[in-house]
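First, one chain by itself in structure tokens, the form predicted on its own.
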Amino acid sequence: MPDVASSRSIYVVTGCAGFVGSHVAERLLSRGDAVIGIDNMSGGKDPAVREANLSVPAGYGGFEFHRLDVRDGPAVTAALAGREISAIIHLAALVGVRASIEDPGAYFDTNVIGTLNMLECARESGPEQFVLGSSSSVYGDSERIPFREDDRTDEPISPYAASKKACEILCYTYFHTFGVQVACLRFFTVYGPRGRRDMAPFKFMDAIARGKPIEVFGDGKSERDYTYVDDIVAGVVAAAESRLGFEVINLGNSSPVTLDEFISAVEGVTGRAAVRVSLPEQPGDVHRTFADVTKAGKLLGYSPGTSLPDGLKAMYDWYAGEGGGRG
């Protein structure tokens, strides 16, 4: 097992074999930091996808991996005991609105209990910062745009969103009661290389490239603030280095596009026309997401710089190479 103590700083990344988690771990390792990765390797329908994601940080000398479930508090605490940790970056979670409607209990068990256990680790091991990967879904179907961190978030419309809001509340409690410094980062529709197979960017790209139909829910006018993964990672790393007490911060692109526009952009990078199957709107889906990133800019120096065409081109280059063979 690598000697992580030899590196400049030690970061814990839960969900390190996931989409965002593998990118965060890679970014930290590439600059010379050490990463203790935690993942139960159970996400998704194809284990090979998660193994491939994990192989990226595993290629660095400063990476130490623990195959653990964040719901197992004693095991996670034991793995981190005695370490001088700079920050815990907690990204492990069950994700997805529609699946949460089918099994709400699993989402609260993993997301809320998992977050509670990691906060307990932070309380005991004393890292300088705790970062929670939250979600724009906590805003519900808000009519006020763009979404700001001081908007009401007590009307979530899916169990997934409710679980993420519960995690944010837990984080504030641990800040107020135990002094754990926390940054809750609300991600807005992340896409890019190694993207989640269950999300529209990969599903649409894969289907269109293969000449298969895509399912289009609603009238195509819903809007999403698609945010390229490298921009999200920059915000996560900046938050892990911050010492701000307790803050909730949006990480988005602040440039929403309609579903029709997004499909057209995917058609552009794949060079193929989409075959659409129109279906009714799905329960739990919001009509619009739109991040106000003013606070992120002020506190973290966050400045998303990747346009949708450029981000989709990078994603397609990955897909056409290593990414298209699995899914």
Ligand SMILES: NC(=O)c1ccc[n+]([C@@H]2O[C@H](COP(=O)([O-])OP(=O)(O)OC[C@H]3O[C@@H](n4cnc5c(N)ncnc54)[C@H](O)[C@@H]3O)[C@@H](O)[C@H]2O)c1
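When you see a residue number, it is the position in the sequence shown, counting from 1. Because the structure is predicted, anything quoted here is derived from the model rather than measured.
Quick note: we don't show the form predicted in complex with the ligand, though the next part is all about it.
*Asks:* Please identify, from 147 to 155, 183 to 191, 170 to 178, 213 to 221, the stretch that has a heavy atom within 4.5 Å of the ligand in the model of the complex.
*Replies:* After filtering at 4.5 Å, what remains is 183 to 191.
*Asks:* Does any part of L91 reach within 4.5 Å of the ligand in the model of the complex? Heavy atoms only, please.
*Replies:* Looking in the model of the complex, residue contacts with the ligand include L91, since a heavy atom lies within 4.5 Å.
*Asks:* Is V12 one of the residues lying within 4.5 Å of the ligand in the model of the complex, judged by heavy atom distances?
*Replies:* No.
*Asks:* Is K203 close enough to touch the ligand in the model of the complex, meaning at least one heavy atom pair within 4.5 Å?
*Replies:* Because no heavy atom of K203 falls inside 4.5 Å of the ligand in the model of the complex, the answer is no.
*Asks:* Is it the case that V70, even though its partner is missing from this view, gets within 4.5 Å of the ligand in the model of the complex, heavy atoms only?
*Replies:* Yes, contact at 4.5 Å.
*Asks:* Give, in sequence order, every residue of 16 to 31 that has a heavy atom within 4.5 Å of the ligand in the model of the complex, or say none if there are no such residues.
*Replies:* If the 4.5 Å heavy-atom criterion is applied to the ligand in the model of the complex, 16 to 31 yields A17, G18, F19, V20, G21.
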